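Just the one chain here, the form predicted alone, laid out as structure tokens.
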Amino acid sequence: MTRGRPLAFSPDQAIAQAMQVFWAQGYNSASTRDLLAAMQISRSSLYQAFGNKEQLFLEALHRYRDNLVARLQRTLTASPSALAFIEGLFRDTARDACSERAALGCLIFNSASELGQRGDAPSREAAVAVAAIRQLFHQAVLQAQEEGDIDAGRDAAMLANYLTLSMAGLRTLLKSGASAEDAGGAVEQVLTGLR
């Protein structure tokens, strides 16, 4: 943030509201007007606190990534096994098919799809966020191998890529309106690939 007058709003709350706009509309479609209305701040406050739309997006995606990975890490730690974590995550995601959240997809995968490999800061941040998910899956696979639930001879990095790809596909399937039944069937096929 820049120096100047004290902010008359909560930057944390503003980022949370901006995140909802980016999540629903995407980076390119989210107008500054939409962002200002959601955050309930003026254009000058946006520039004072965040610099510009790009910087605001980077803050929002970074926060989404950190919150998601921390929540998943806590779930992994609390799970009876790493395989139970992986199975639960995929099955819970499939059961969530009819929710508003499922219709939004995942901000990380949405952003990676939208921004591709443009080489700018938003696309690089999206790639970093995808890598964080892949790293979490890699950790879970290694733990499941240590626990004897996944064959230790299998390539843990490749399985992490497989799970990341599968979750991205599942979130896209749900975003496109797939039923819980169809998503659940797809998930069982994904999980079979771990054995």
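All values reported here derive from a predicted model rather than from experimental measurement. Note that residue numbering begins at 1 and tracks the sequence as displayed.
Keep in mind that the form predicted in complex with another copy of the chain is missing from the display, and what follows is about it.
Stretch-level contact check against another copy of the chain in the model of the complex with heavy atoms at 4.5 Å: of 122-130, 32-40, 64-72, 135-143, the positive one is 122-130. The closest non-hydrogen atom of Lys53 lies beyond 4.5 Å of another copy of the chain in the model of the complex. In the model of the complex, no heavy atom of Ser81 sits within 4.5 Å of another copy of the chain. Though the partner is left out of this view, Gln117 does reach within 4.5 Å of another copy of the chain in the model of the complex, counting heavy atoms only.
Contact annotation for Asn28: at least one heavy atom lies within 4.5 Å of another copy of the chain in the model of the complex. Contact annotation for 54-68: no residue has a non-hydrogen atom within 4.5 angstroms of another copy of the chain in the model of the complex.
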